[in-house]
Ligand code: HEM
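Only one chain is included here, represented as structure tokens and corresponding to the form predicted alone.
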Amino acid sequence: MSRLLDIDRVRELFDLEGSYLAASGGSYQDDPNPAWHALRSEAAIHPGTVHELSGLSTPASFHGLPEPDRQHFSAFTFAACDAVYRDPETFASSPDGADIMGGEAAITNSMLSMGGVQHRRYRSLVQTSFTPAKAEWWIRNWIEETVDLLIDSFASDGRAELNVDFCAAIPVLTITGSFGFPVEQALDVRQALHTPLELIEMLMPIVAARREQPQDDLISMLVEAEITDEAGATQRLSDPEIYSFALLLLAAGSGTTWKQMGIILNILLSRPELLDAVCNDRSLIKPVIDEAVRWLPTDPMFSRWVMKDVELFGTQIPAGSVLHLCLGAANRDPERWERPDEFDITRPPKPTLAFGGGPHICLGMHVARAELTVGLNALLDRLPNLRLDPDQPASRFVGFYERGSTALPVRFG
């Protein structure tokens, strides 16, 4: 069967070690956890950025970086990172603590950079589409069909490369489909995330069409959404507001889940006994996902801007500083988990910080879990005797501020 997507182009756009991750440490191939353990044992918070403190000088651009005119601090314990997420007034998600959305459409001019009441208002417009109860809507409309068609394209080959050919394709097709883009435009959308004006031009006819005739998709929900201002008056979102939402959701929805699914498959394929156990008991998929996002979250660092002078876990942090939250280190804090470096799906369940925390906790985490669950189940259902290809190089975990797996070549049948 023909491929849904141009695989060569997919590999170019989703190359973990290539140019799209170069600024965030995509070429990093070591395990950062030993350095993070040492830092966490010394103090909850250190002056400096996570990569500098870890002995890495490469990353130049990421959330909260480089900001050369600000002081930088990094938190490494679960308690410190959790406390920051719980205090959004002191630790804001944007440099100026912005809570007004307006002007030109941009990811940075969206609810990502809002705080307080304004953030709650705008987030509430889309929150209902991303609840656990809504996961079946995503599965029925986009995820299930996407997964089946992707597997159809290589099921008869006896071998495949799952990380890009499968994992990367699922979320990009899911989120672009929910915005009304046809399959043949999915990779154009992904590429245009680097040129927002081009993507807005692609969105314009879809927004106009949905204003005329709404459908059962995410873009129609944004078109029909109404927001209430302080005076109690309601109005629909403007086109720039819709575009800002779209840029944020398309970027987040197409760029994270694929790396986490690759990590999970790497773990399972490297542990045949665990893969067999999951294949025979699908109820284990949930604890596998829960443990994987704790053990190796694909986005192990986020940043917050400090709005006022504060003392945090014994460290004085002045207003105007950037505080980086090393979630990868927090999720392996021995004060919270026994044997934190072990991958153990029998752990008693505890919340982690893999999806962030506080009012900005990942909006799409339940959609991500649905994509992971449906994808893993389908692979185990349709690819018997799934195993790593012994004739291909072993997969590795790479990246620093964005972690993931290199190619996952497999055989089956």
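Here the structure is a predicted model, which is why all the values come from computation and not from measurement. One-based numbering along the sequence shown.
Form predicted together with the named molecule: not shown, discussed below.
Trainee: Given that the named molecule is left out here, which of 81, 175, 162, 246 has a heavy atom within 4.5 Å of it in the model of the complex?
Mentor: The option sitting close enough to the partner is 175.
Trainee: Please pick, from 220, 256, 90, 266, the one residue with any non-hydrogen atom lying within 4.5 angstroms of the named molecule in the model of the complex.
Mentor: That would be 256.
Trainee: Does any heavy atom of residue 38 come within 4.5 Å of a heavy atom of the named molecule in the model of the complex?
Mentor: Answer no; every heavy atom of residue 38 is more than 4.5 Å from the named molecule in the model of the complex.
Trainee: Flag residue 48 as yes or no: does it have a non-hydrogen atom within 4.5 angstroms of any non-hydrogen atom of the named molecule in the model of the complex?
Mentor: No.
Trainee: Does any heavy atom of residue 123 come within 4.5 Å of a heavy atom of the named molecule in the model of the complex?
Mentor: It does: once the named molecule is placed as it appears in the model of the complex, residue 123 has a heavy atom within 4.5 Å of it.
Trainee: Taking the shortest heavy atom distance, is residue 327 within 4.5 Å of the named molecule in the model of the complex?
Mentor: Yes, contact at 4.5 Å.
Trainee: Work out which of the listed stretches, 353-361, 375-383, 50-58, 28-36, brings a heavy atom within 4.5 angstroms of the named molecule in the model of the complex.
Mentor: Stretch 353-361 is the one.
Trainee: Thinking of 130, 252 and 302 as one candidate spot, does the named molecule come within 4.5 Å of a heavy atom in every one of them in the model of the complex?
Mentor: Result yes, every residue of the spot touches the named molecule.
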